[in-house]
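Single chain ahead, written as structure tokens, the form predicted alone.
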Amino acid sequence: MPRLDPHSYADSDQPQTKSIELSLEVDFVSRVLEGEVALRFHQPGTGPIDLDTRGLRIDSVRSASGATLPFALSPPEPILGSRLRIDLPPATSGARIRYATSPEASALQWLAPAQTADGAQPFLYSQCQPIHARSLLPLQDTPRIRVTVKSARFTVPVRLRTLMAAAAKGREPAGEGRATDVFEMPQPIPPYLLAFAVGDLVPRQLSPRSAVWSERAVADAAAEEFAGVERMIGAAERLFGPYEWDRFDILVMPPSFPYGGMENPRLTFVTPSIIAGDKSLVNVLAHELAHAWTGNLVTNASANDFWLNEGFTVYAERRILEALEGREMAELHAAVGAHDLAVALERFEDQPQLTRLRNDLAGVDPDQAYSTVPYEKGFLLLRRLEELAGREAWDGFLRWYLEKFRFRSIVTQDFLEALEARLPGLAARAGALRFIDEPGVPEDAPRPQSARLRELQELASRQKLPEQRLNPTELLVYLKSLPAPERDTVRALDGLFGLSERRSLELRHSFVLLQLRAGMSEGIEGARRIARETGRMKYLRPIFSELARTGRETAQRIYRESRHAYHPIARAVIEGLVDDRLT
């Protein structure tokens, strides 16, 4: 009975789920979801079927015809959770499972009104990537097995609204001050893309096929920041083909959201930290849009091949930015990415196997292995292939690849075989297996190149202050290029650019790291402000890593002050940095 995904109990010899129907009551008092999920199989099956769960209470299991089915829930394993084994009688077409989530479900964050932007109503959201869907519902929680959602019903307080990464089918009264929001997702998706949020949310229309949703306090600022989204979608379609998901709506999350964005189809989640007031961070939105093709349409089959999602998406993101803002700006973004990759390689110096693109993560929590390596090293491989093939031939391959594997989940070998079939010999000429199976980055990997980039890096190398105004991206490149800055240089930069008070968390975070590395006490207060302001791991991981390096007690104190607002995913990561015994 082979298990093809090291992070799932799913057995490839057992029936596979084709669709689900979900009906849940949302209880903000007890912080649980309670209800039923119906699984429908591709083919009727007999014998055991193994599902993934984490912290779920299983009340009953029945067949599609209503017959009671025997089941057993195994003791939990630290990474995988508990296996739910159901015994299927002959020719069983599906199963209906009544269950409830735990108040500590790793996929869910329940926010009190005080933790929201408006401060008046509670908020709930899900985050299922990479393997947290199993704490939301019992299922085969592997991207190998894509499912459609025939129906999803969420019963919530009538003053709140459910949004789901799916097609909205209306709202029904549920009595006693409650209502049921109904959705469906006809396109097959991997389980980590199951996503919803419940809150006091309002829309602002951006185009006929796109709106931004948020709490009222940030709605107008979000609409202004994302006003160019339709132009971005058009550029992506010209590069990669038609947008397959009908709508591209955006939900601005509470500050505790642990990622920059999450590419949930039809409803991308984004952190409020990208609302910088100057549109300088909308590359995050370009990244999540690119996932509509690279990740959502063609998906990695397990965390072992995560680069197939993220490396392709960084490449696609920068092609979109190049189309909209020019090659110079795309190269500056690539330079920022190259810096972040160097930081990640240093982080994994003692675990070089985690810097390969094709991995064996059996026994490794994918949240702990998460880094920019699959993003930026994957991008470098694809750029190398483009340079050798020529852009016209490479673009032809990309369009063919996306169509060939449309709505499928694949492994690295599938990509390599497709590449060889379409562009014979290219992988060998590029040394693709050095990127894929060897740690680190090959010495001949592509490097960002532009005249403006060289100017900024030269200024930074001499710790010379810019004499002309820099746009936010240029300033970020300059800050990341500074080697071991002196305190006087750091203070002068703050006086020149007001970095300690910038609205842009990207710039302020980079500046605080410079302060901390220069041994400046002001950096501790700046780090504390950021830790209390955002739950985004891109900022928290380096901030707490630097704090722990210079003073573990300070890091622990700041974490204790801030942890109540963090998502469980972020708490687990940060506790491993500041003290793995900290509770």
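Please read all numbers here as calculations on a predicted model, not as lab measurements. Residue numbers here begin at 1 and follow the sequence given.
Separately, the form predicted in complex with a small molecule exists; it is not shown, and the next lines address it.
Each of Pro130, His287 and Glu317 places at least one heavy atom within 4.5 Å of the small molecule in the predicted complex. The small molecule is not shown here, but in the predicted complex it comes within 4.5 Å of a heavy atom of Arg536. Under a 4.5 angstroms non-hydrogen atom cutoff, the small molecule in the predicted complex lacks Leu381 among its neighbouring residues. Remark: Met262 counts among the residues lining the small molecule in the predicted complex, judged by a heavy atom distance of 4.5 Å or less.
The small molecule is not shown here, and in the predicted complex it never comes within 4.5 Å of any heavy atom of Trp307.
Out of the listed residues Lys377, His509, His291, Arg134, His291 is the one that sits within 4.5 Å of the small molecule in the predicted complex by at least one heavy atom. For the options Phe497, Phe226, Tyr370, Trp110, the one in contact with the small molecule in the predicted complex, meaning a heavy atom within 4.5 Å, is Tyr370. Exactly one of the stretches 489-497, 252-260, 99-107, 214-222 approaches the small molecule in the predicted complex with heavy atoms within 4.5 Å, and it is 252-260.
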